[in-house]
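So this one's two forms of a single chain, laid out as structure tokens and tagged structure 1 and structure 2.
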Structure 1
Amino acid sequence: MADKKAQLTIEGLDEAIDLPIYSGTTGPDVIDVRGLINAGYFTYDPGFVSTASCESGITYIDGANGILLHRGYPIDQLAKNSNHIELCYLLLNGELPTAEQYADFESRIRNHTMVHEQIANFFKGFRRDAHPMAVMCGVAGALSAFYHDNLDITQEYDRQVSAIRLVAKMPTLAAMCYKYNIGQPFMYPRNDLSYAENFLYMMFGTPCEEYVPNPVFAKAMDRIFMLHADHEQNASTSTVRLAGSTGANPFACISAGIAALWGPAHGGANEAVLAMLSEIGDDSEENIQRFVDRAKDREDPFRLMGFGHRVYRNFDPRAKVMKETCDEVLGELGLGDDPQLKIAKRLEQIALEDDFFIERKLYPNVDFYSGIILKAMGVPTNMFTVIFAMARTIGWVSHWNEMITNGVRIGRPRQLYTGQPQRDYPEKK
């Protein structure tokens, strides 16, 4: 399987260590360092900057050139020609569905949208003012307590049922988090609506009057789902894989992924963008510049949220598509003059022109625009990351399924120990 090999010479060792090199279908080669342990060495790579943690055929990112492919298809082509449900099928199964496969998959998702009635009681255990992501971590994990009939992860059928349940029920749970938070009744899903329309209905509909989803919003929401669906081995997906490597059930693994997503350096960034725009507040040029200067000051922890990405060092291809959708939604709402949007646009412009950001290749990422769109559609900021979690569920479960299908060893990293060497417990006087 090794196409080439690397040789590692270590001072004090007589012989070089041979390390096989493997090539993927595209992207950098990887050096297999597993043999190093035999020579008594570990590799050291905090933050996994240079480490491929697994083999995968789902998503490919070329950060230098701003390329994102799902199963080989570029994200902009998918966003333009496909929809979230078809993308879910593609990510999970590897190929685009035929018309018949699509109809079957879509109908299975539609028919699994309702959650066990007892889950409504489960919600009642939470404080109403709890952050919806806190509730999401709990209720997603609790699904394993409600749907334990198909939890034999060695069975392909069971894994598929769990994947369908997760994709179908996450919007219902997400909307329930919102309704619980604001004290409105939960809305049962409506299976005559599309995936995105149904989510908007469960969020914004009430039993008191008819709710007709705005088609521009439904399209924007579907785009948001698609653009967040998967992103190879990011922090939350790696968390799902690590949890899954122990044999934990998929609902527990997804709950772990939701927790990892919550952080502001990851999925929490879309919420942090709006918090930052509020903190900036005044849309005058001097004030905006003051915050930009703060972001450039190494002594100041302030960062421009929604800018920068570990992998994309040119532009974020998702941000390009999201920007178009952002313009569509703002146009529909006639919101071009909103002060926060003015700040956002100015920040975007400064970041694209300022040497500090250019040198460090800090461009607006997907979360910069998704936060703006969601706010414009009336979604409260504390729901932004919940929507990201809903959308990323298919990515998480596809990676989990791939990992189990390919066979997995428990994930167990080692460390560079810098604590106390062995010492004796002091004698008691």
Structure 2
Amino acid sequence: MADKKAQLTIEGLDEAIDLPIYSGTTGPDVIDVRGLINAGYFTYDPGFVSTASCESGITYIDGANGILLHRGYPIDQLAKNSNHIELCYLLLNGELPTAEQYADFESRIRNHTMVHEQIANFFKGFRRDAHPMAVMCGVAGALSAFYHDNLDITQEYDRQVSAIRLVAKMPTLAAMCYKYNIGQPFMYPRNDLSYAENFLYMMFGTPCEEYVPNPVFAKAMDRIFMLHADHEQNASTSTVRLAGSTGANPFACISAGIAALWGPAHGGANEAVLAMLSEIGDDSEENIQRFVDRAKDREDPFRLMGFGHRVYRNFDPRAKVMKETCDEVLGELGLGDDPQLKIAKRLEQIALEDDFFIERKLYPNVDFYSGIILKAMGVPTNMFTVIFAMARTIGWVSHWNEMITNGVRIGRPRQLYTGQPQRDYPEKK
């Protein structure tokens, strides 16, 4: 039932329209505008920035206060005390697992990491120089052609199997995209490694010699997975939900999410950080300051990427944890003579000390630090968004599962039509 109601008075209508108002667990109340259609109206909200498209109990963001909760748990607490597999269980099932539940869930993930051998042949249809995200979109969608035995989305068991398969196989597919791009042989997953270790092994290992994942790198990669696992109703998650509302299979829905994530306005932020560092180029103090001055100049189109956040108007709660991880990785490697990393560290220092950035709350965000970490670990820039997609898979599939479980109505946004009114086709002479 509605907690309150609003009344909308429209010029020309004799009676006001009653609109129910609902309160969630936390966050702003929402006005139910579905009754407007009975009066011949609907709302206009480009980008859906003022529209709650669904009801969800998975993730909550308070951008004004820098809060990100997964199932009620603050992201910084999860990142410091949990791991990606436990977070996957939490997002998918709603509660932290018991020791027995965790062991069972982790075992199921571990034993579903291999992909059908014929998928290797599927890769051969792509050009070697294709962008890994282009390949990832196609291969993820094609999983339904290889795993079509548990695709009855009305059955909870089938949805759970699909979720397990997606979380388990995405690192394998991501590593295959990388190996195919650089012309190296695919590396089969190893069940004796952790989730993050296994990904690093499949990315950087070769049949020629033994590869032992660096534990600092594995911890950093696990943190990257956790901090990108879900972010409420963003563009790619909304895409997955909209595709899923048609009854499409989960692999097709996740492929749609990957395509949406590929957009530079969404998943390409950490790539943009590296592009910015390349543009700055020279790591001298004078040159870095010149670019900082340009960023302060409203007439100059140059922008410092990785500072501030569209959602978080205060600070990105993920950034503090990611900064600690960044420092650990750089400490493990030694900063060395890499000019891009020197530029990045100097920009970070300026942003945290300069009044211009402090007053505007332009703090380094999670994309700034994750870009530096991936660069330092030797991950090529064109793989950044692929790793983001791999991390976000659990968020996508959790929202998809929640939507199907709660009952779904096919998505059908409306429009404000501004085209030609009805007109007659001209007679031909």
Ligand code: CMC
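No experiment lies behind these values; they were computed from the predicted model shown. C-alpha atoms forming the largest set that superposes within 1.5 Å between two forms make up the rigid core. Counting starts at 1 and follows the sequence of structure 1.
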| property | result |
| --- | --- |
| Structure corresponding to the form predicted together with carboxymethyl coenzyme *A | 1 |
| Core-aligned C-alpha movement of R127 between structure 1 and structure 2, 2 Å or more | no |
| Is_shifted Y188 between structure 1 and structure 2 (CA, 2 Å cut-off, rigid core) | no |
| Core-superposed comparison between structure 1 and structure 2, R294 Cα displacement 2 Å or beyond | yes |
| Distance moved by the L304 C-alpha between structure 1 and structure 2 (core-aligned, Å) | 3.5 |
